[in-house]
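As a starting point, one isolated chain is supplied in C-alpha cells, in the form predicted alone.
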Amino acid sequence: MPFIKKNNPTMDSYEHDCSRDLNELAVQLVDENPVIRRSAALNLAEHQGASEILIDRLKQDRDISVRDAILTTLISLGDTFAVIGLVECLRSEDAALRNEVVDAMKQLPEKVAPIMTSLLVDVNSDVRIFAVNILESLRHLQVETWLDRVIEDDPHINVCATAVDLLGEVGTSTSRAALIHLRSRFPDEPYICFAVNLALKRIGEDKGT
C-alpha cells in the first residue's frame, strides 16, 4: 500500500504567515518537516529576541534550505546574540556551516567591525583565517590596518598567507613596510615570498627590495 502524506503543508501555506507567536514558531523550528522549519525560521524575523533560538537550531539542522532561512533571519535581526552566535559557529566541526556563517557575517559589517580586533587574535587559527575572509567584504576604514597587524604579528603562516592575499587586492603604499617585514619573517616559505612580491607589485611599491 503506497504511503500517503497527510497534512503536509506546502511552502506557500506557511512562508508568509506572520500570525504565529514566538512560542509557536519555536516549536515549529524543530518540526520534522523542513518546510515547516524553514517557514518558522523566516517568520521569526518578526520577533526580537529570537536569535538564541535560531542559533541553537542552526548548530543542529542539516537541511540546507532551513539553514539558509535561519541565516537570512539572523542577518535581518542583526542583534548582539545573533553576532555572538555566529562567531560560535565559526568553531563548528561542520565545514559547510562555517562557510555559510562567514558569508552571513560579511553582510553585517557594522555589527562585526567592533569585534574584528578580537577575532583576529583568537586562539584558534582557523577562526583568525575566517576573520580575514570576512574582511574581504567588510568595507571598513580599518581593513588595511587590521591586515597589516596580522602580517606583522600572527605566528601562523596560513593566517598570514590569507591576509597577504587580501592585501594584494585592497592594500596601499601604507602596507609596504608590513609586507616587507612579512617576507623577512618567513624567508624559507616560497608562497609567502611570492605573495608578498605580488602584493607589492599590485600596490605599485615594488622597488626591488
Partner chain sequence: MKRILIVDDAATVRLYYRTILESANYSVEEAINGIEALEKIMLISFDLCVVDINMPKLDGYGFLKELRRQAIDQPPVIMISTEAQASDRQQAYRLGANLYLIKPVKPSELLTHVRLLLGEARA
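Positions refer to the first chain, counted from 1. Please read all numbers here as calculations on a predicted model, not as lab measurements.
Form predicted together with the partner chain: not shown, discussed below.
The three residues Ile55, Asp61 and Cys89 each lack any heavy atom within 4.5 Å of the partner chain in the model of the complex. Although the partner is absent here, Thr117 lies well away from the partner chain in the model of the complex, with no heavy atom inside 4.5 Å. Taking the partner from the other structure, the partner chain in the model of the complex has a heavy atom within 4.5 Å of a heavy atom of Ala195.
Contact check for Ser184: no non-hydrogen atom falls within 4.5 Å of the partner chain in the model of the complex. In the model of the complex, Asp126 approaches the partner chain with a heavy atom inside 4.5 Å. For the stretch 156-176, the set of residues having any non-hydrogen atom within 4.5 angstroms of the partner chain in the model of the complex comprises Ile157, Asn158, Asp165, in sequence order.
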